[in-house]
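The chain below stands alone and is given as structure tokens, in the form predicted on its own.
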Amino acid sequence: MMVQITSAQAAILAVNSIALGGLLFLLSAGFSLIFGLMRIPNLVHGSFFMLGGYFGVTFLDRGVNFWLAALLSAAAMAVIGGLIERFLLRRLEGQILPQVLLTLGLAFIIADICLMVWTGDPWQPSPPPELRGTAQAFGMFFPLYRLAILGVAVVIAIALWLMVDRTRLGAMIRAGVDDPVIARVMGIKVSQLFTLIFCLGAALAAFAGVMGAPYLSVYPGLDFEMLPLALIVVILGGTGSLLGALVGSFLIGFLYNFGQAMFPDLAYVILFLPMVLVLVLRPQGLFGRVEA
């Protein structure tokens, strides 16, 4: 049954969808590169988002500046991600099922640790002081912080695009995504790329967790709420594609919010149906490449 919404409600839903899309891009961009380069679905990635959020609210609770807290959380998660890749995942290279089970097990371990340390109460810090107001447009008021999430996502998207398409490191990453075997033959140290991309993906997820804390709050179970959305984004956009992650993130952001508001009984059908269609009609994703 379809629920009618007003134009004002539609505008608010659009802003919320844009904010969620920005967070999903920060979460799924690194996930997409990890999936494309390492050929495994990293099921602990949602935990990086949640744990980064908990790190961020802890720093904020101690009086640290919001943006510094986000950067510190990203740096801490990059170190944790690097240790996981170097000492656990690398030992299981090429063993897909053990890697999947390992990352799933780590996700449950991190969830229990977060519950023990931060308890089951939700944590929702305030946005930075300069972003606590509203912006007026078309006679309506919109939360300034949610618009800021979009700005941050766009800036990071441009930075990632410049890194991947305009630097030597990016050329090596593209080569590793397209054909890791040939990349190794050409002298590219793919194992080091694995660690670098894993650290980058973990850092972006943690940064997104801190950015999302004032909007979504941080609570037990957030990891397994965000992980399926990131998986759908990667499947829609295509593994290893930043453009696919960007388009897929905002598409899922709109489907998620408008689907729940307008078709509450079919919200998950609307959310997962595009993924099913893409898997059937274009398994490599909208912007992914067909593997030889």
Partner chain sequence: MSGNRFRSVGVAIALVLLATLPLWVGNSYYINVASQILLFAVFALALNVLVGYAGLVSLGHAGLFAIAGYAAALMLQAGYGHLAADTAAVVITLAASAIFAVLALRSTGIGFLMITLALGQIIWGIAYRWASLTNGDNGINVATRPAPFGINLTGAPGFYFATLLVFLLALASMAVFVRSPFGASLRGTRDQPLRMNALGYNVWLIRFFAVLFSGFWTAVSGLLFIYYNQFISPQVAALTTSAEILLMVISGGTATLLGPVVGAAIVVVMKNVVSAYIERWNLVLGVIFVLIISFMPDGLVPGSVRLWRWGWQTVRARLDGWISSPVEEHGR
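Numbering follows the first chain given and starts at 1. In this text the structure is predicted, and so the values were computed from the model without any measurement.
Separately, the form predicted in complex with its partner chain exists; it is not shown, and the next lines address it.
Chemist: Tell me, which of L231, V247, L255, L60 has a heavy atom within 4.5 angstroms of its partner chain in the predicted complex?
Modeler: Selected option: L231.
Chemist: Sort through V100, V154, L147, L83 and report the residue having a heavy atom within 4.5 Å of its partner chain in the predicted complex.
Modeler: The option sitting close enough to the partner is V100.
Chemist: Which among 45-53, 263-271, 247-255, 22-30 is in contact with its partner chain in the predicted complex, heavy atoms within 4.5 angstroms?
Modeler: Among the candidates, contact is made by 263-271.
Chemist: Any chance V15 has a heavy atom within 4.5 Å of its partner chain in the predicted complex?
Modeler: No, no contact at 4.5 Å.
Chemist: Answer for I113 alone: is it within 4.5 Å of its partner chain in the predicted complex, judged on heavy atom distances?
Modeler: Looking in the predicted complex, residue contacts with its partner chain include I113, since a heavy atom lies within 4.5 Å.
Chemist: With a cut-off of 4.5 Å between heavy atoms, is L106 one of the residues that contacts its partner chain in the predicted complex?
Modeler: L106: yes, in contact with its partner chain in the predicted complex.
Chemist: Closest heavy atom of I96 to its partner chain in the predicted complex, within 4.5 Å or not?
Modeler: Taking the distances in the predicted complex, the answer for I96 is yes, it comes within 4.5 Å of its partner chain.
Chemist: So which residues in 38-60, when you check its partner chain in the predicted complex, have a heavy atom no farther than 4.5 Å from it?
Modeler: Result: R39, P41, L43.
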